[in-house]
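Two forms, one chain: they're shown below as structure tokens, one block per form, named structure 1 and structure 2.
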Structure 1
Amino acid sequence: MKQRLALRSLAAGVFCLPLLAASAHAADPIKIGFIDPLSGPFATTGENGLAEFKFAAERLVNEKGGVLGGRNFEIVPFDNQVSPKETLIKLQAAIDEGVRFVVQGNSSGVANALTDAVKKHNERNPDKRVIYLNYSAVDPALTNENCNFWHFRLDANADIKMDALTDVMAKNKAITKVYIVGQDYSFGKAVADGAVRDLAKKRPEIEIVGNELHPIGKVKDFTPYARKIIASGANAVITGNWGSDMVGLGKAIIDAGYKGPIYTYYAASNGITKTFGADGKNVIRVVSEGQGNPPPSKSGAEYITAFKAKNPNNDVVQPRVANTIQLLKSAIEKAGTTEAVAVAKAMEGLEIDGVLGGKVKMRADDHQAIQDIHIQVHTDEGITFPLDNSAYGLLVENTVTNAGADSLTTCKMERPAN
């Protein structure tokens, strides 16, 4: 610790530091380590997530007098550059700085590395145990075969989202031919496998006219994929693509003359909504938790309004961030301590009111949050809270309440005795 401080002050002499204000509070703040990309190509989601976390901690905890008799939440950012290796280095740095709660979300590859590292760290250093709150990585394995006691997932996993999506698709009689396309990695494969499995169960007469993977972040022009989708006669497309792969694919499909729905996981905000603009209207659909339009409740609307007032260039795109803070606050209050085992046990089975509507319950078996999942459409009609400062936003079309509450898990969790 001392050496690290020495290193820091050494660096302070050499480099300019926007250091986190380390002014002494009466009660020590509870440090929450935010380990996500803050530089490099994926920093835009990281920066937005950081803004959401800072706002949630301020509004949901600190402004309400903190927890455990006035202790505040402090979000400490660490830039992992979406690199598993850098993540593990930053985890050590965070722990040395007194962080005992880690939040991370971008990339399931990083999440897999982090959950494993946290588990090993806790085994080897029982005096410095850490809880990992995963707010976005949706690889089903994290709450199935790779689950562990220290990992909690606040987002619905890919299988649960697909379950909700296929519930809605099964009721839409206009859909007869479905084309599945995704990035060639575990998440893309999980989406494809889930779609094939669930559609066969719920509407066996739906024909899967295409099911393919493309290399992640390597395709320059998506036109050939769009041509194949047109050629197949598909009237619904499912994709788990994100970032520029999502924009490229979506634009190519629309440009090629496709008019049906494109069901996606991540086609909103960070410039994506604005880029799709009028072209994507009533075509792009997003499966996600948390409702913005129509406003879920008075308090939810106030939350979004206050966030926008403070962060005009960001959006509340990950309502689960607010739920993460809310859940952690409730668990710490219930446990009466910040000790990791007690907080983790308090979190199991805990139910809170979602900040943007609905209930969120942390399932004890696999540490997967169960919540409402919405199918939302990209449009400019009936939008109270648009995204990207454009006219467009997401409007809830269908809702599956407590999605995946009955979903099975292969998780066999080992719980520590004390």
Structure 2
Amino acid sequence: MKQRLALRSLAAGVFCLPLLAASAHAADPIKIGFIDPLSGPFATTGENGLAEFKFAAERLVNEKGGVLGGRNFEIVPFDNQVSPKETLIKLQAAIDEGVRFVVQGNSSGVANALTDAVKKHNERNPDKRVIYLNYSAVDPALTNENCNFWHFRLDANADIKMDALTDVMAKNKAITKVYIVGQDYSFGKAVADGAVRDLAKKRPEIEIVGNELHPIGKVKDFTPYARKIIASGANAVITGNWGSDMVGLGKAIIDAGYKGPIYTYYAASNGITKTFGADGKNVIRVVSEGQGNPPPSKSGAEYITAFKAKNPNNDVVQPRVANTIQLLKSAIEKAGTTEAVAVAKAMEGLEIDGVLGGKVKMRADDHQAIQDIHIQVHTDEGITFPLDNSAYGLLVENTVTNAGADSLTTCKMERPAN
């Protein structure tokens, strides 16, 4: 009798082992590798992105019970120092740690290296495939000639943003002379090319009085550039600068006495808004997705408030971060698995309601997110959510609905058979 009971207990124990293993597996976190600068001149930008990703994962996924029966999102940071070479090293380190989803956004030069590396890795390692979610690198080539099945862009590309921006600029008859200045790499060149092309098409009488590029992250004094802008008689400036280069350029232009609009892509973040302060009021403008002022909704306002309470030295300045987490969550739930091919296919054509405003749809043809784009002004009037622990924030002035929905793509997507 005792032997039978022992056998039954043993059998029960053996039977329970798979259940316990399955339960443990179900609770394993889904690791998302954050590969961006966390040291060097652009560390502030990377640290802000990391804070936004950690908060979005916690609030939009983990606090709601996770996915696939209780699996949480875990953001795993890797410092790439804005170096393509270092990025490839960190990508391999992330894969070795079990990461199958990576996010990156700072520098299109890095993004082009990363998307190529992910593609090659997936070809060689079908059992360890990785999806790359690009939240901020906007070189148009990434969803055109350099597109691939494993890359998804949540930000509007440089051409889509420029199309929206020049729609607004074309209506301002006070603008007659434009100076274009930016960082000397693929994104900076894309901004310049797009500005020249779109202004010529929409306002051919506008004169481009300057068009130059400077080394990225290496200029210590932007005064010579500011002097040239003033001397040119420009009454509008366009720049794609970000991070410390945006601070240095913008401050030098304003300090030189320039009073016209400075149209930017990334002039709102830690150390930027407060630096511009009163001098940037009604001068600095940003073209971007999402909004904080006016708040997009009650849930959006609650999201921003909760983030600030948890991150007093950071701000929600990249709504596309929340969109990235929302889209990935929805795709995993739709696929019913974290297997890369299934998740990527689920993401194609998927639409979400962004917590920070507007619908976001992932276009299947080229994996480019289509969404509303706003032109926002740096001001202290009508601001519910100021930035950078200052009195100033960004207020929506103009909105282009579903920007880029009809834009063409040269992407020739190659999809895996399985």
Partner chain sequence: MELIAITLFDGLVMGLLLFMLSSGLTLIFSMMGVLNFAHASFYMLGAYFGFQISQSIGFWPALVIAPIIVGIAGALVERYGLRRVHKYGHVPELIFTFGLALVIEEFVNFVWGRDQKPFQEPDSLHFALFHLHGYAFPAYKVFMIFVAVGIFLVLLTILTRTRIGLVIQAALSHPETVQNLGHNVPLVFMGVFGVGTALAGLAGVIAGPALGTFPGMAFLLGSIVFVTIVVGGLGSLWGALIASLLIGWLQTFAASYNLRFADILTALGFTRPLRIADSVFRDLWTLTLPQIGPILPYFVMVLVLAIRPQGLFGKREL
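Along the sequence of structure 1, residues get numbers from 1 upward. Predicted, not measured: the structure shown is a model, and the values here were computed from it. Here the rigid core means the biggest group of C-alpha atoms that line up within 1.5 Å when the two forms are laid on top of each other.
- Here the chain coming from the form predicted on its own is structure 2, while structure 1 comes from the other form.
- In this overlay on the rigid core, K281 has a C-alpha that sits less than 2 Å away from its partner position between the two structures.
- Residue displacement note: D245 has its CA displaced by at least 2 Å between the two structures (rigid core superposed).
- Relative to the superposed core, D255 undergoes a Cα shift of 2 Å or more between the two structures.
- Taking the core as reference, the Cα of G217 moves 3.3 angstrom between the two structures.
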